[in-house]
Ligand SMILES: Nc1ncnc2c1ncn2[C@@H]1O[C@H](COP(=O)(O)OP(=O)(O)OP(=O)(O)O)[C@@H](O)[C@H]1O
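First comes one chain, alone, set out as structure tokens in the form predicted alone.
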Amino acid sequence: MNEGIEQLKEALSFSPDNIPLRLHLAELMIKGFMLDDAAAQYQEILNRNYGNDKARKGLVSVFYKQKKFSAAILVYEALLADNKIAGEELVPYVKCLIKENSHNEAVEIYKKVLQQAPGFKDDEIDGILRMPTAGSKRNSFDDDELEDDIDDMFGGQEFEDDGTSYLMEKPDLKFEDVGGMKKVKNEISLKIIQPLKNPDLYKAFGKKTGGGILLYGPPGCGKTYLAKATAGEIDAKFINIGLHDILDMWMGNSEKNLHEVFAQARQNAPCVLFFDEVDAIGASRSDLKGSSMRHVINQFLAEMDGVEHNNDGVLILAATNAPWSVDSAFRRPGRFDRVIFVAPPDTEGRIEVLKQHLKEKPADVIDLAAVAKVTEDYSGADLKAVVDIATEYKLEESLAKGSIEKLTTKDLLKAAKQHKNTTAEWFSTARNYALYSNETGLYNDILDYLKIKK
């Protein structure tokens, strides 16, 4: 285990802002009972990426193992306030409150669990909170049992699971549910959707159904959402794979996990296999030196090539905010041979995104064009934040007046002034790569977006 931790530390020395890698390191440290070190990693993540949900949830696990129940409760309160946990995820929160003898608060949170998951039942919680009789009531929870509950909720068991089943879904999203991005949708359609809808035509030209597309661009612009919509367009299954699903501290297990992911996709074709933050798995091998991650990358390339197995019907999409960190071998023909820039939505796209987020909210007639005009370069996530801030204004006003006050154009314009776009930093970095490391023209779309002459 120590060797695996040192290897991850080495990788982080080359890529200190690699949040998924740092999360994995913290999880390994928890397994090695290096609790203070794990907490330090989660704190570092939060320093670099304030409010990161996985880091906050990781801290819950650390705090409980350290018997810092009050600290765990504070983190839970923040997550709940941000609407980042719901339903059965709240169960460990209830148990922490019971450990601190905060039974009234535990009852209130447990009511939320039952409202959001009506069929949920926990005999031990019921025995304390709902059945206060001498014969059935328990006075406390077993610490090890609660650790298991928290680990199960927040992924602490993922790296020890020998199972071959990965979370698979069948999205009902369609392209029409994704605002804007016409050019990107057209490219995905040509590469992925049309070959499945017109197999005979593509077969006549010697084209198989399958292949890969790498989506890149600033965070919050809907890359994951678009991947799900792609699966929905072709009525295909969808498997979302993150770094935590692949990396394992034991030598050879990461390669095995990758093979199992592809095997499951092949067995369920047509299937869209989506790798989020692929730069963490497919980092440039020249940067990794002797790291065992090189073997993982080689396995990834072999699976994509489908030399030993038929990948027909396996559609591989990946997303990255740092395409310059992805090994160039991934961009060879037959792999991610389409690299598509997912830009912040244009004016029309911003109007569509705003419409989506304003659905079912009490609103006056909104001049969406006016809001779109002042939110240039805003990502989809930024636009959601604008609507959320405006909603908070109206909630406060409604509470003061005792009646529902509708959202107005003025509210949204005010919120847009308060929330600055989050894409500027990404474009600052991307601009340098597009200007000085663009021999193949890979980043020409960035230059076009920034209106820089080649």
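We call the rigid core the largest set of C-alpha positions that still match within 1.5 Å between the two forms. All residue numbers are counted from 1 along the displayed sequence. Just so it is clear, the structure is predicted and the values come from calculations on it, not from any experiment.
Absent from the display: the form predicted in complex with the ligand. The rest refers to it.
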Check your understanding: If you check in the predicted complex, is residue 181 within 4.5 Å of the ligand, heavy atoms only?
Key -> yes
Check your understanding: At the 4.5 Å heavy atom threshold, is residue 219 in contact with the ligand in the predicted complex?
Key -> yes
Exercise for review: Look up in the predicted complex whether residue 92 has a non-hydrogen atom within 4.5 angstroms of the ligand, and give yes or no.
Suggested key: no
Check your understanding: At the 4.5 Å heavy atom threshold, is residue 321 in contact with the ligand in the predicted complex?
Key -> yes
Study note, to complete from the structure: If we test each of 107, 263, 381, 374 for a heavy atom within 4.5 Å of the ligand in the predicted complex, the one that passes is 381
**Study point:** 116, 347, 224, 189 - the one with a heavy atom within 4.5 Å of the ligand in the predicted complex
**Key:** 224
**Study point:** Contact stretch among 118 to 126, 331 to 339, 171 to 179, 82 to 90 - heavy atom within 4.5 Å of the ligand in the predicted complex
**Key:** 171 to 179
Exercise for review: Answer yes if the Cα of residue 186 shifts by 2 angstroms or more between the shown form and the other one on a rigid-core superposition, and no otherwise.
Suggested key: no
Point to revise | Large Cα move at residue 115 between the shown form and the other one, threshold 2 Å, rigid core | key: yes
